[in-house]
Ligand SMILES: Nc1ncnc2c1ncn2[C@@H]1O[C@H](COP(=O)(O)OP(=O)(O)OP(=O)(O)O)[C@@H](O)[C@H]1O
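A single chain, nothing else alongside it, follows as structure tokens in the form predicted on its own.
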Amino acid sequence: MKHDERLTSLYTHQWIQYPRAEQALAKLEEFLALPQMHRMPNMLLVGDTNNGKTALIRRFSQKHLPALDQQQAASSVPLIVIQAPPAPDERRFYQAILSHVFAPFRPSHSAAHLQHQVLRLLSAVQTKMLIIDEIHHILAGPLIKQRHFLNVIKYLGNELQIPIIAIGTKDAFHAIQTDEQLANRFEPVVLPRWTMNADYLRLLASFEQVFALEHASSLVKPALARKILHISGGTIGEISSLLRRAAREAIERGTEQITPELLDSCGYMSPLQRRQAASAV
């Protein structure tokens, strides 16, 4: 592989398997296969920012793409994946769902009209699951609007008889807990920060295999593994960013190996350094 191609390949999205993610994916598959019933179970996927939630949902979505008819139009859309609006806004929520399936709508239409359109359309395309990312956004509004928005989610789940998957930070857990009935329906699944254990070392070994540098970096060696964990702060997104940056430098410098010294000099700015820089402004 040529030099430029190797550098580009470092940033090509590749799924790195690890037990917590595989368990969450298995749970999603279980929920997707459930028959319709009056009280469908739901899931709350919780994790720190940049700790793999979005990548996990992307992986799941790729396995359940819309089915197309002979005119290349979607005949069924098993998954709807949207981002919660920046504030608990019912109309913007419905508009996001309709936009996802490229359904025309008038922004001026009332919430009731948009709700009817969403219910009719999702039934028509046989949607089996609704996934709402960044659910903690609802905390940006006053309590009365938060509760109303949660009621909207509950209503959609009841009417469509589909599981709803909410995704967010630990604040998402507090948001769902404001509605007792909804809290009882949402099964929490947590993606914790990484710690120095066997799963973490397997993760590092997977990254090293993906990068395929000419010389072994032995990322699983305790001292180097702890250094990576400390610098990154323990989220998979930061671990990935650090290692990709270091691998790029190793290729460009011709050393073809990630070393403790390279981690310090590769130009990566840790979350702690970013916070310190922000506080200094």
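Throughout, we count residues from 1 along the sequence that is shown. Only a predicted model underlies this, so the values are computations on that prediction, with no experimental measurement involved.
Just so it is clear, the following notes concern the form predicted in complex with the named molecule, a form of the same protein that is not shown.
Colleague: Of the residues E208, E134, D179, E90, which one places a heavy atom within 4.5 Å of the named molecule in the predicted bound form?
Modeller: The option sitting close enough to the partner is E134.
Colleague: Between A225, A55, I251, L32, only one gets a heavy atom within 4.5 angstroms of the named molecule in the predicted bound form; which residue is that?
Modeller: Exactly one listed residue reaches within 4.5 Å, namely A55.
Colleague: Check T49 for me: does it contact the named molecule in the predicted bound form (non-hydrogen atoms, 4.5 angstroms)?
Modeller: It does: once the named molecule is placed as it appears in the predicted bound form, T49 has a heavy atom within 4.5 Å of it.
Colleague: Heavy atom to heavy atom, is I236 within 4.5 Å of the named molecule in the predicted bound form?
Modeller: Yes.
Colleague: Might Q14 be said to contact the named molecule in the predicted bound form, defining contact as any heavy atom within 4.5 Å?
Modeller: Taking the distances in the predicted bound form, the answer for Q14 is yes, it comes within 4.5 Å of the named molecule.
Colleague: With a cut-off of 4.5 Å between heavy atoms, is Y268 one of the residues that contacts the named molecule in the predicted bound form?
Modeller: No, Y268 stays farther than 4.5 Å from the named molecule in the predicted bound form.
Colleague: Tell me, please, which stretch of 216-224, 252-260, 236-244, 33-41 lies within 4.5 angstroms of the named molecule in the predicted bound form when heavy atoms are compared?
Modeller: Partner-contacting stretch among the options: 236-244.
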